[in-house]
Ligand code: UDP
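Below, in structure tokens: the form predicted on its own, a single chain.
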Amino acid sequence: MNSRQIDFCEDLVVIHDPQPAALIQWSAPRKGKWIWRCHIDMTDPNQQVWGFLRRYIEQYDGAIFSSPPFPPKVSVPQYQFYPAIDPLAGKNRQLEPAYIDSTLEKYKIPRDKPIITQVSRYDPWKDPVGVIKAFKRARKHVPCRLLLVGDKVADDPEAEAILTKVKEEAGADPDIHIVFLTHSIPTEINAFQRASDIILQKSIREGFALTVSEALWKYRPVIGGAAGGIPMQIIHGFTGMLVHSVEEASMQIRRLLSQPNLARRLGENGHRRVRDKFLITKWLKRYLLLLLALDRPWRSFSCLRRSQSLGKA
């Protein structure tokens, strides 16, 4: 159906993720260059599924992966592209303090204690239950509130069960606020992050987790699971904190709430890292380099050699 509705006459066509990968087989004759972009963690793929997908991926002119550990072996050229944020988009732009206050009032979230927030869909790999456990441990030593903000993916059969487990773990705790968004408003997500003292992304398995860059851009200290693309964004102890367990997450919450100067320094360093590495201006440069490499393949090796990868250009 998609192949009949899209002309695909552009010089460069980028197909994202596994679901539409087979479009390349339905779009002959091809007029431009085709690139497949993989946003998910491919360090340990299901071999049966990967075997099925690979026959389509290897028809492309190249493949883009989000971070170094991801790429599997394929016969087409591979490129490393970090995702990027738009600093002027509703989710990232500056907000008036009054709007932030009104958003918290709308969802009945008091500001009498430091706010710890995780923004992510209700997915087992985001470990929202682990976040609640880490919060409960930390709260024994420092006063704080927990805010879990997210939605569920329509085609995820586990989402409802995970949300149920989250509610069971939270119980009737007045310091735990679960916000389930059926339709998220970017500026409200922005407001939640800007109102937070610490932001978590305690993923067990992850793609790139651009929510980390969104939080760092807002000068917030971030505690992230050492999974997927999170270590590309968080340099432990410099732009944020990486953790491997509930216990470590709890310890870092306590540490950052007890050491505001450290928290502020992490936020400032994190903002600079996003400015240097993960803004759409850098993203545009990578795509322009990719077009050059595809248009002049006899020069692409030297171009990539100088920068090691397009992701570092």
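Residue numbers here begin at 1 and follow the sequence given. No experiment lies behind these values; they were computed from the predicted model shown.
The protein also exists as the form predicted together with this ligand; that form is not presented, and the subsequent description refers to it.
The candidate stretches are 204-212, 129-137, 219-227, 161-169, and the one lying within 4.5 Å of this ligand in the predicted bound form by heavy atoms is 204-212. Though this ligand is absent from this view, in the predicted bound form it lies within 4.5 Å of a heavy atom of just one residue from Met241, Ile116, Ala191, Val119, which is Val119. Under a 4.5 angstroms non-hydrogen atom cutoff, this ligand in the predicted bound form lacks Ser102 among its neighbouring residues. Looking at His177, you'd find every heavy atom of it more than 4.5 angstroms from this ligand in the predicted bound form. By the criterion of a heavy atom within 4.5 Å, Val149 is counted among the residues contacting this ligand in the predicted bound form. Remark: Arg145 does not count among the residues lining this ligand in the predicted bound form, judged by a heavy atom distance of 4.5 Å or less.
Taking a 4.5 Å heavy atom cutoff to this ligand in the predicted bound form, none of the residues in 273-291 make contact.
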